[in-house]
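One chain comes next, on its own, written out as structure tokens in the form predicted on its own.
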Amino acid sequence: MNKLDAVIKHAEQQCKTNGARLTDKRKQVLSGLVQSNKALSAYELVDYCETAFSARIPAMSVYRILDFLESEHLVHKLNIANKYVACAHISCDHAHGTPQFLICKKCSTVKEVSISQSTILELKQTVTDADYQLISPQLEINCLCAQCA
């Protein structure tokens, strides 16, 4: 079984456990994100599905699918770019820290990393001290990958 098949199978099981269903169109969108090393927009996923599966999925449907996949913790939305990436830990059976994203400014590759709980607590305290409320501890950091640096 290749990596993509393993990820899709694990995602199907995760959805089933949560009382949801990973439909064929949801699998197609998820497979596009799993196979890409870059974040993709809904429109890029429309093109991917048409090329890879000869399936024309309207952009609004792709957005709904992405919302579903995000609610199932299978993908992450990168707010800076308004694009999506597959969760790097779909196939893991253990808990992970808060995801952080390193985004190469030059080639747009994305790497998901975890940061320590103490850093998250520090971040929350800094926000509270500034008299704000933290909505999400997700960080998106513009960087240069090793190849582009």
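Remember, predicted model here, so these are calculated numbers, not experimental data. Residue numbers run from 1 along the displayed sequence.
FYI, the form predicted in complex with a further copy of the same chain isn't displayed, but the following is about it.
query = Since exactly one of 98, 35, 119, 91 fits, which has a heavy atom within 4.5 Å of a further copy of the same chain in the predicted bound form?
reply = That would be 119.
ask   = With a 4.5 Å heavy atom cut-off, would you call residue 24 a contact of a further copy of the same chain in the predicted bound form?
value = No - in the predicted bound form, heavy atoms of residue 24 and a further copy of the same chain never come within 4.5 Å of each other.
query = Is there any non-hydrogen atom of residue 17 lying within 4.5 Å of a further copy of the same chain in the predicted bound form?
reply = Although a further copy of the same chain is absent here, residue 17 would stay clear of it in the predicted bound form, with no heavy atoms inside 4.5 Å.
inquiry  = Given that a further copy of the same chain is not shown alongside this chain, does residue 42 nevertheless sit within 4.5 Å of it in the predicted bound form, heavy atom to heavy atom?
reply    = Because no heavy atom of residue 42 falls inside 4.5 Å of a further copy of the same chain in the predicted bound form, the answer is no.
ask   = Can residue 109 be called a contact residue for a further copy of the same chain in the predicted bound form at 4.5 Å between heavy atoms?
value = Residue 109 belongs to the contact set for a further copy of the same chain.
ask   = Picking from 25-33, 58-66, 76-84, 45-53, which part of the chain touches a further copy of the same chain in the predicted bound form when contact means heavy atoms within 4.5 Å?
value = Going through the listed ranges, the match is 76-84.
request  = Can you tell me which bits of 121-137 touch a further copy of the same chain in the predicted bound form, meaning any heavy atom within 4.5 Å?
outcome  = 122, 123, 126, 127, 130, 131, 132, 133, 134, 135, 136 sit within 4.5 Å of the partner.
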